[in-house]
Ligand SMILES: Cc1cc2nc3c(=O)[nH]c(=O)nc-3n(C[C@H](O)[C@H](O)[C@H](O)COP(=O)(O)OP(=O)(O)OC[C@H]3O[C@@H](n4cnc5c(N)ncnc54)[C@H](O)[C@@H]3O)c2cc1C
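Presented below, as structure tokens, is a lone chain in the form predicted alone.
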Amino acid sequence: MLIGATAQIVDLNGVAKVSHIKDKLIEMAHLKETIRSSSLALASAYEGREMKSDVQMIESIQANVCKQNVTRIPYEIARLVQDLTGGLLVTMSPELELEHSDVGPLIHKFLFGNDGADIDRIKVLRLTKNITLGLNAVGYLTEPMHGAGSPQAQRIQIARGMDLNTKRIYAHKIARVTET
């Protein structure tokens, strides 16, 4: 929905066909699919192991890398939304000012876009502002940041399981380095 709202704004701004704009929308879709696919979460369960207690233990590194993605990707998508929607996201006038006899015509003049969609632009901008900066930013940004434990705790778990010595041995074997 946020990607769709952003696409609507760039269309209303008349820049939807500009290559770097399309590229940023593609990046948003890529990031969204990365987080939605949950392939790391599924892999961490699949590659887990059964403990003596019959409890299934997930593969910790994959689970924590998945959590790291969840703490980062919404912020990157929000950054792209704010980049693509422009400064109007935070400087736009309230809809009621469109009806003001003195200010209304000026707002219409400066918000005029494709097909004169000034009111639609305001509505869609309000939606994107609410999700990335407003009341709903708590659910979209803050909850993913802390909902699965702190990002630093995830990084500690990744460090515990990354087994650098084994990776060095693989590199030495492939490079034919003699062990010292």
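Start at 1 with the first residue shown and count on from there. Keep in mind that this is a model prediction, so the values were computed, not measured.
Below: the form predicted together with the named molecule, not depicted.
In the model of the complex, at least one heavy atom of E143 sits within 4.5 Å of the named molecule. Shown alone here, S53 lies farther than 4.5 Å from the named molecule in the model of the complex, counting heavy atoms only. A residue is said to contact a partner when one of its heavy atoms sits within 4.5 Å of a partner heavy atom; S150 meets this definition for the named molecule in the model of the complex. Taking the partner from elsewhere, V138 is found to have a heavy atom lying within 4.5 Å of the named molecule in the model of the complex. Look at 53-61, 40-48, 25-33, 150-158: in the model of the complex, residues with non-hydrogen atoms within 4.5 angstroms of the named molecule sit in 150-158.
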